[in-house]
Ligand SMILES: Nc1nc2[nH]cc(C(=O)O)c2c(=O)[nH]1
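Shown below, as structure tokens, is a lone chain in the form predicted alone; questions about how it binds or moves come after it.
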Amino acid sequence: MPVASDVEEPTTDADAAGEGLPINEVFYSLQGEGTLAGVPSVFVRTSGCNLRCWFCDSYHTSWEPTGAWRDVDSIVEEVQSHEQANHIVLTGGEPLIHEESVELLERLAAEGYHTTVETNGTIYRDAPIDLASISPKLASSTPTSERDPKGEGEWEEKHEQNRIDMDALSQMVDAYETQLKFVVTDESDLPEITDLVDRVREATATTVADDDVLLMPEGMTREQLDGTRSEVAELAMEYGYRYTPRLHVDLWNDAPGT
């Protein structure tokens, strides 16, 4: 199972690891994906990731991780400044590479917030999580030399080896209310999705319904989604899974802080 030492630390103004969590941004918006799409939420985005999807929509938390190290108190204080929000989304990067994410989630739970954690499902943490939004990474996410945004291809082998951890994934599904959210590039992804869903069902005591399996079109801009959303919607109907939009892209395109 990957651990925090497997990832490069995000750079900061001091260019050194600090105490607390490396935070890329905190912002208030609408949840754009999954079963809670449309719900006003505060997003806490950590920096750093143990994988490198070629289509990552938060490039500066993965390929070039940046952020400021902040203590949990200051993060909670900023969250509380958005008085109209009851839902918090802890996202990344991969937030669960950081042990301090558990402390943050405990503090948020004590304050009465509903917490969603957006994770790739390769790291399990025992924490108060109301919804684990797990996005297992498919073979189509691997940054081959042709798709590597840096053009170097040095992450291809590591990403491919680490993108699925069935032990962590099944433990998370049994521990939390979950949604399995797959980024779909085209129809060729569906055999791997159905196989992985079957493996999860075999490995867990929890019932994983088709409604818990979400297909989301790949695309970081409206123009890109125009080329994928209809096909993915048709695939959801064909396979009996749930379609999820990327509402924030539909509303605000690729604007930061959305």
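A quick note: this is a predicted structure, and the numbers were derived from the prediction, not measured. So that there is no doubt, residue numbering starts at 1 and follows the sequence shown.
Note that the form predicted together with this ligand isn't included here; everything after this is about it.
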Q.
in the model of the complex, is there a heavy atom of this ligand that lies within 4.5 Å of any heavy atom of Leu30, even though the partner is absent here?
A. yes
Q) Heavy atoms within 4.5 Å of this ligand in the model of the complex: does Arg45 have any? A) yes
Q. Does this ligand come within 4.5 Å of any heavy atom of Thr178 in the model of the complex?
A. no
(Q) Can you work out whether Thr91 and this ligand are in contact in the model of the complex, taking contact to mean some heavy atom pair no more than 4.5 Å apart? (A) yes
Q: Tell me, please, which stretch of 64-72, 193-201, 206-214, 37-45 lies within 4.5 angstroms of this ligand in the model of the complex when heavy atoms are compared?
A: 37-45
Q: Taking this ligand as it sits in the model of the complex, which residues of 102-141 have a non-hydrogen atom within 4.5 Å of it? Please list them.
A: Glu118
